[in-house]
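Single chain ahead, by itself, as structure tokens, in the form predicted on its own.
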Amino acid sequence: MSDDIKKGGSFLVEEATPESIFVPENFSSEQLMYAKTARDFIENEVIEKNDEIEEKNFEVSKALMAKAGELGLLMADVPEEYGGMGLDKASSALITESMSGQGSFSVIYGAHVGIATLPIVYYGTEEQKEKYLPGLADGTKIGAYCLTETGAGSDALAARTKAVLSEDGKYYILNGSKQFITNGGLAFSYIVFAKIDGEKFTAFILDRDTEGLKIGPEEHKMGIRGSSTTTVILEDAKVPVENVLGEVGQGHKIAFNVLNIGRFKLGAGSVGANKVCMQSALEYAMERKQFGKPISDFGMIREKLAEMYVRTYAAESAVYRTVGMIDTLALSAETSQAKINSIEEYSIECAIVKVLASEALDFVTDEYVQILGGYGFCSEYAAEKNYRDARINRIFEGTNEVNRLLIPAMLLRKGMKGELPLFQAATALQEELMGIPSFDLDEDLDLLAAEKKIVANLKKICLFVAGVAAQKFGTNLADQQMVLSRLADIAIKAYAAESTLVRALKDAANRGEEGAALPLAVARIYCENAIADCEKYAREALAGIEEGDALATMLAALRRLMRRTPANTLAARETIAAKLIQMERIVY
């Protein structure tokens, strides 16, 4: 890879610079136009049909999808020769973010443009692309993705759906059932995974009128109630052999790579939902009066608004940093397979932003309800619905628990393959930490100097804990899930903190410190919170790995990485809250 292309996971061993990352401030006027079109569509056409959508009036949802297709909002990832626009992933993610104002409809939309369309874009034959992509791009045909089964959720390869070639060799006969299928009751085309002869995990494209395909009843869900979620039942379903998607026995590549895209798009959608909730919470706080003044004057409400803003900014920074790296690598790719590989390269970062953004959304919607008080608990206010709708995102696209296991597993695998110098860095760090400490506090007067040191130490903490765990458990480390989850949390915080820090510095370089007052305040808060959280994660992990004198030695080394003067995050929160209230809107 060239110097301007980063390897997936390299954030732990390399320093990011403002010039090296893509940030939302880099969006072109054309990309911002796409976002405005999406927001206007949601605000002017989708929201007004909220009740009909929530009542599962699928004719309304289908009509809205067709309208979205007319506006070009379903075309971002579809190549131009098949009726799409063939946009970059940054544009695609921005459109997804801007389509997130109505939870149920955004799920219909997100599943359609992502996991239901992209398998055909990336793995379809010329004939399959010509047959399916134009209708998927213009919204006249809706797609679904059928991977989950009753006994195979996150463990997708445990699927029991079987496919057998017919005697005449013209069809595969599929038997089994798929569960929790988004758009199940709406779709024209279904991406279905089955094992040929019970062994070769393979993807197929099925039409709604496929003989032997039946749609089960709609699930009654906690949230996203207006989306369609059904079982898809296959009873001797006859699928033409030309509807095999990709190579026989290679379905896992399609399933997992498409899920990587689903993860960063879910992150973008969560960021968009956060912004909608924050704006509503801000407006309510400024209007609602208690004790003779708006509740936005009260310190604890101001702190809530500020923290909602901080977590959203951090998630947004990580999402678009990741998308920018994918676009950079894809731009250098000369073949379609290389473009697909550009997504797989950043599977670690995709898992990180999925966890980070979905949990930020849970926090934001919870505080949204709290700011509205009793009204937030009543269904006549949007907060109640937003709160319910948000919860699914920690389950979609692989549960957050599974993603937390994937993050350290993929990092360590890259290290063992020599793709990243993780173990070399961990060994060097252990030698540094076990050596004589330096008491030279050499004051760095650069902007956010303390936060830069925090980010560097977050990476060191991650490497330190990973090195100790790998030495202790060896090949049995995969069984130490509680240790791995804390290692994942440290990696997530390190990536998010650096993304936030570098974005703020990039903004300050362009607008000056005064112009970038909000981002700089966010970076101070997020980095301080991250190092405090990671001290806890690291202490718990180390105590789960060692004991006695060995543990005491490890904790002493950890303390060296924790030395700092705490930032005044209370003042930084006040800076953020005051600016938001002054502007009366969520600004970045």
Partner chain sequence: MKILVPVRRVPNPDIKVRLKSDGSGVDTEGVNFLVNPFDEYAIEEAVQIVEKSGGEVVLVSIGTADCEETLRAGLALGALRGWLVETSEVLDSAAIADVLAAVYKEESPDLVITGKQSVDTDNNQAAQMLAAKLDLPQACFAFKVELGDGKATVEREIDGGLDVKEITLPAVITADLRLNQPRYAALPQIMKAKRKEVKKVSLGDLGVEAKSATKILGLSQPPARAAGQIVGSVEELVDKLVNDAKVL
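Residue numbers count along the first chain shown, from 1. Owing to the predicted nature of the structure, the values given are computational and were not obtained by experimental measurement.
Keep in mind the form predicted in complex with the partner chain is missing from the figure; the text below concerns it.
A.B. asks: Have a look at Ile196, Met85, Ala255, Val244 for me and say which one sits with a heavy atom within 4.5 Å of the partner chain in the predicted bound form.
C.D. replies: Selected option: Met85.
A.B. asks: Of these, Ala156, Leu71, Ile392, Ala508, which has a heavy atom no more than 4.5 Å from the partner chain in the predicted bound form?
C.D. replies: Looking at Ala156, Leu71, Ile392, Ala508 one by one, just Leu71 meets the 4.5 Å heavy-atom criterion.
A.B. asks: Answer for Met75 alone: is it within 4.5 Å of the partner chain in the predicted bound form, judged on heavy atom distances?
C.D. replies: The answer is yes: Met75 has a heavy atom within 4.5 Å of the partner chain.
A.B. asks: Is Thr37 near the partner chain? Define near as a heavy atom within 4.5 Å, in the predicted bound form.
C.D. replies: Thr37: contacts the partner chain in the predicted bound form.
A.B. asks: Does the 4.5 Å heavy atom contact test between Asp4 and the partner chain in the predicted bound form come out positive?
C.D. replies: No, Asp4 stays farther than 4.5 Å from the partner chain in the predicted bound form.
A.B. asks: Using heavy atoms and a 4.5 Å limit, would one call Glu540 a contact residue for the partner chain in the predicted bound form?
C.D. replies: Judged by the heavy-atom cut-off of 4.5 Å, Glu540 is well away from the partner chain in the predicted bound form.
A.B. asks: So which stretch, 532 to 540, 519 to 527, 38 to 46, 550 to 558, is the one near the partner chain in the predicted bound form (non-hydrogen atoms, 4.5 Å)?
C.D. replies: Residues of 38 to 46 come within 4.5 Å of the partner.
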